[in-house]
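One chain comes next, on its own, written out as structure tokens in the form predicted alone.
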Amino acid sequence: MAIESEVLVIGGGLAGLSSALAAAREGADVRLLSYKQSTLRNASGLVDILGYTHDGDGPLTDPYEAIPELPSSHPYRTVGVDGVREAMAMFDDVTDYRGDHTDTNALLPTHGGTVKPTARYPRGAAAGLASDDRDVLLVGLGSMVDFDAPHVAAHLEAAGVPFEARGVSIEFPGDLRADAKVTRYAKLLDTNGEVAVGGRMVGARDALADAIEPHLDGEARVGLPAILGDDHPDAVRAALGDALSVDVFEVPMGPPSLPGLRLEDALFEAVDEAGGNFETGNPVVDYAAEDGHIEEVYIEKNGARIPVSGDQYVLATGGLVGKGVESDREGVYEPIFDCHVPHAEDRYDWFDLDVFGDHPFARFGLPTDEQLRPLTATDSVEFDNLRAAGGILGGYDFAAEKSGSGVSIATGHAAGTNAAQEAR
């Protein structure tokens, strides 16, 4: 007999979690099915709504002003400005992110030395705003080659930031060369575990402050790669700040991303508190439907097919990167429900000859109606009780627009809310 829920969400990334949270807050009995680890741990932890226009103009000051000018096929046009605002209010309510005091994008330094427009940012990154005119010392670690602090500082100054930036590279105190991982640094700083320095054992927070202090030259802010604790980042930043008499901030990094992991934890906790249920580690491999209505899906577990049913379904399995949309020599397809994915028959038309050109494959995804229900090639609804959210949607280029997180939250909120209201 199938496990039953009112709303069944397939996918445990930002869109799936937003869908589950919105549906649970509407009072629905919600179950979230997630096969793989969330892609949030591979993300910077910054939440963008819209950094650039569909045509590449920007960076944008006010993303909400630009939404009505987007093409009608863009997911934001389906959700609408008010829908985006409602979704971001839900996000703000369950996280401690900053940026909710204004519609204007903030500018944050990246680990590559660029300045990125973003709508919401972790509290730990707040002291690093590029609009702040206080001088900055960036501190890299010798073992983290993807954060070259002198190089990043030089790039920021070349970008015209209103402060002086210097970069230095140090070694993390103690001999951690055999286990030089982001999570190892974070755990040591979380627990203030002791490390060997000069023949004596010293707490990791004091030892790191002592290693940074000789490099300070009057800067009011110190930025480090995002390693400053997993469970207690506020306490770690405060301890370093007190020891150095500066404001300390984290620069978001690539995977594994501690800000992404912290956001993932916050959202799973919010869904749990709202009454949602989880089923992780098993893929959805098939479904049964009758007269355009999904009756149940099947997860593969230990070689068996286990039926799971819902009154309403939300598909949030990601785009081409997340394998929610796949391609082969025959075409582009959605692998669970075989929903229609518009694309040119000739594979050479999927790409632009210019490497940095406008590639059609970047916009591959599902077209939907106004309720985010996937449409067939003839614009009829694929299934009356299936909605789609996040990266699986077509009609936008999240990488070029810097809109991926915002689209996931906005469409996830809308799909989850609509599904719950339909179910009840």
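On a predicted model such as this, the values are computed, not experimentally measured, just so you know. Residue positions are given as counts along the sequence shown, with the first one as 1.
Only in words, not in the display: the form predicted together with a small molecule, which the text now covers.
Of the residues given (Gly276, Pro259, Pro233, Gly318), Gly318 alone sits with a heavy atom within 4.5 Å of the small molecule in the predicted complex.
Within 4.5 Å of any heavy atom of the small molecule in the predicted complex lies no heavy atom of Gly365. Interface residue remark: Glu382 is not counted as part of the site for the small molecule in the predicted complex, having no heavy atom within 4.5 Å. With a 4.5 Å cutoff on heavy atoms, Leu14 counts as touching the small molecule in the predicted complex. None of the heavy atoms of Thr53 is located within 4.5 Å of the small molecule in the predicted complex. For the small molecule in the predicted complex, the listed stretch (128 to 136, 182 to 190, 237 to 245, 281 to 289) containing residues with heavy atoms inside 4.5 Å is 281 to 289.
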